[in-house]
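Below are two forms of the same protein chain, given as structure tokens: structure 1, then structure 2.
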Structure 1
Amino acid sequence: MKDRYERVQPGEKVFDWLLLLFSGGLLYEAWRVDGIPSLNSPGTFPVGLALIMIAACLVILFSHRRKRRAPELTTAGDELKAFVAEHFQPHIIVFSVISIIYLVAISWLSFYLSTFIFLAAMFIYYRGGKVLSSLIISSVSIAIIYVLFTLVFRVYLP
């Protein structure tokens, strides 16, 4: 028999609640523009948008009533484990953390040096330790970026 329930993704409900919270915060920010707005005031549109977002979030949250967890996820703990396993895999965390470090490092080390280190580190990690070829690809990439953006497009890079 066909399952009449849609599946809810692990973490989906929490995310949708967070969006409702965010929309509430936006409503507060919009209300701060000019209090209760008239039809033609600067705050009208932001307040209207925040109310639309809240209404949409409530509809989304209500729609979860028609959804069910995957049968193997019986508890909230199972759901959390599945969520972490799906979205916090080591290679995703590594990419996220190194990306943040890379962006911060641009201001200290200059764009080209930090980019070279970032690309080399990511290539070596993702390609399972092929150090020499990863360094060559990184060098070629940096050379192409330099020629294309600095020489051709004349983009000023930090």
Structure 2
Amino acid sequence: MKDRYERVQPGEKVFDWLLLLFSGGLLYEAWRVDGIPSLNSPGTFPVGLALIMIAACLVILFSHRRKRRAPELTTAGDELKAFVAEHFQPHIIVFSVISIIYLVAISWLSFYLSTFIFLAAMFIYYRGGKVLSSLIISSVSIAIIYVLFTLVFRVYLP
């Protein structure tokens, strides 16, 4: 017998509901900007975006109503394991951890030094240990950022 249902990715329906919840929270925060917005008030744009997000979430939830999870995922624990295995691979975890360290380091070090270290570390990691070329690419990138933002646009970077 042919399977008539599409398969849902592990955790996809939970993500849909969390996105709807986030969109509701965004609508609440947008509503707090100035209550019932008129067309030219500051809260109009965020309220409009939140309403669009809620509508999109509802459309996605409606379209996923007939999707079923894979038959080998019988419990929520199985689905959680499949979700973690699929979405938390080592290169994603390394990038996330280094990004958090970079964001914290910006306040301690200068923007340029922390950005250089971040770029160099990421290039070295993702290019498989090519240290010299990664340092050169990072240096050129920092030089371009400095020229564009500091000299041309005159933007203060922390």
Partner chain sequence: MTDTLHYFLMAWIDPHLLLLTALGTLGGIYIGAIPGLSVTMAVSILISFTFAWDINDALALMVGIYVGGVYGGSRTAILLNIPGAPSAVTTAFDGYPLAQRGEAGRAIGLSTVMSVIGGLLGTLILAGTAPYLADMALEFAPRDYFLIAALGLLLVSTLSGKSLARGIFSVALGSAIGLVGLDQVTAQPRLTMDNMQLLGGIHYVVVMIGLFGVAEAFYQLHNLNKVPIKQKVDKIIPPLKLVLKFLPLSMRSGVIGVVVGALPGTGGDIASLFAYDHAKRSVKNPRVPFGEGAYEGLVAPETANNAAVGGAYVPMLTLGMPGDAVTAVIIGALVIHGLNPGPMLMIETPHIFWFTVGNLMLANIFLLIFGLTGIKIFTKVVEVPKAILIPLILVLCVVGTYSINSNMTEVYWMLGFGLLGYWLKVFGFQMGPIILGVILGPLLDKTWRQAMSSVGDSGSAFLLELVSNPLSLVLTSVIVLVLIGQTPLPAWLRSKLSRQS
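Take the two forms, superpose them, and find the largest set of C-alpha atoms that agree within 1.5 Å; that set is the rigid core. None of these values were measured; they are calculated from a predicted model. Quick note, the numbers are simply positions in structure 1, starting from 1.
Asks: Between structure 1 and structure 2, which should be identified as the form predicted in complex with its partner chain?
Replies: Here the form predicted in complex with its partner chain corresponds to structure 1.
Asks: Taking 2 Å as the cut-off, check whether the CA of Ile142 shifts that much or more between structure 1 and structure 2 after a rigid core fit.
Replies: No, the C-alpha position differs by under 2 Å between structure 1 and structure 2.
Asks: When the two forms are laid on each other by their rigid core, does His91 show a Cα shift of 2 Å or more between structure 1 and structure 2?
Replies: Shift at His91: below 2 Å after core fit.
Asks: When you overlay the rigid core, is the Cα of Met122 off by 2 Å or more between structure 1 and structure 2?
Replies: Stays below the 2 Å threshold, so no.
Asks: Could you tell me how many Å the Cα atom of Leu20 shifts between structure 1 and structure 2 when the rigid core is held superposed?
Replies: Reported C-alpha shift between structure 1 and structure 2: 6.3 Å at Leu20.
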